[in-house]
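Below, in structure tokens: the form predicted on its own, a single chain.
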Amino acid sequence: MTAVSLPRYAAARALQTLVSFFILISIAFFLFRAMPGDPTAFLLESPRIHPQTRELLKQRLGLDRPLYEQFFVYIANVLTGELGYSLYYGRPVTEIMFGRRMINTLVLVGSSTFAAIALGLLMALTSVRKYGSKLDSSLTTFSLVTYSIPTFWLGMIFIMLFSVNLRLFPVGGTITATRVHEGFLDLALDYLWHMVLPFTVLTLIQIGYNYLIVRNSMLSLIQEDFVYVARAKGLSEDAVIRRHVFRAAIPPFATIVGLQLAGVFTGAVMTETVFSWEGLGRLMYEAVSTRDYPLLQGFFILILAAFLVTNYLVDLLYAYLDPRVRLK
């Protein structure tokens, strides 16, 4: 077997990614059309509205056209970056998604994801160094517990404890609506004050997964030949774990990190809903509740693009680090 060049491998993977994208956005079109309910129901809730008015609205939205015509219009709009208008908000989908809500999600989910990755790696390295000790058992138990706790339940516990009982943090929101902020610093501090609880919840529920993946990967590598060679050279156990085992466990972890970073753009539906955080996750929940098809399709395309691009970049990284991936 021979290994193809990296540019050729990148081009082949790019073609596969584009084909996957087209297939999945096609599935999304028919999937959302198969959902029960009338998308105009939230626009015309009053039973007194004449049926003809509802039909005129459907004509304006293009919902009266044959399904195949809607599909071709949908594909053409996606390829040109036009995701349509939200049925519920009455504004362009791109304007709603790529505005203030995306910034809020990137700040909250992005910071908590990076914190969970850093803490998970640090805890895994400490646990393997102290393998079999009480500290190792405590860290593993803590990770299993936090990984297993439902997000919405942990969020409500935090609200009851720190917001309702102790009154240390606000119940929800991104800023205090009734407060007049005296400059940018005052606004930033109020914003961070509201972010403490959702940030803590998101970080806790992600740490356990990162810790368990890296710890188990490192423990499986300890019995490899290169570790015995490193020990035979006279290196201390701490140096063997830190310089060899930990480094060898990081590349497989790159896939997990890539998926987590892609998830930054999708928001945290449960956490943002529980804490009333004005982000993409809560917007997605509202879109499902209102059967806002264009907005739901926009979310699907955003999530799909984020994960496909991230997966593509991770594949290229693997192909660069390990030429065996490029074997024909």
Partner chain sequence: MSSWGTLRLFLRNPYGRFGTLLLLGLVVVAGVGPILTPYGVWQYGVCKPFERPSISHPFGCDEIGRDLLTLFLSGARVSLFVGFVAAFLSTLLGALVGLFGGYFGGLLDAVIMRVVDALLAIPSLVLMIIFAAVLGPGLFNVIFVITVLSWPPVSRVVRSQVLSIKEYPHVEAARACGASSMRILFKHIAPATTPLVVANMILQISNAIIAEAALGFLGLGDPRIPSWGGILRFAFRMGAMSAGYWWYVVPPGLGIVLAVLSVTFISYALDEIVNPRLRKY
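Numbering follows the first chain given and starts at 1. Treat the numbers as computed from the prediction; the structure is a model and nothing was measured.
Below: the form predicted together with the partner chain, not depicted.
- Against the partner chain in the predicted complex, the set Ser20, Leu212 and Gly263 is in full contact: each member has a heavy atom within 4.5 Å.
- Proximity to the partner chain in the predicted complex, defined as a heavy atom within 4.5 Å, holds among Ile250, Val145, Ala239, Leu185 only for Val145.
- Contact annotation: of the candidates Met102, Ile222, Val257, Ala115, the single residue with a non-hydrogen atom within 4.5 angstroms of the partner chain in the predicted complex is Ile222.
- Only one listed stretch (223-231, 104-112, 177-185, 71-79) carries heavy atoms within 4.5 Å of the partner chain in the predicted complex, and that stretch is 223-231.
- Contact check for Thr140: a heavy atom falls within 4.5 Å of the partner chain in the predicted complex.
- Taking the partner from the other structure, the partner chain in the predicted complex has no heavy atom within 4.5 Å of any heavy atom of Phe29.
- At a distance threshold of 4.5 angstroms between non-hydrogen atoms, Val164 is in contact with the partner chain in the predicted complex.
- Although the partner is absent here, Leu283 sits far enough away that none of its heavy atoms falls within 4.5 Å of the partner chain in the predicted complex.
- Contacts between 142-161 and the partner chain, taken as any heavy atom within 4.5 Å in the predicted complex, involve Leu144, Val145, Tyr147, Ser148, Ile149, Pro150, Phe152, Trp153, Met156, Ile157, Ile159, Met160.
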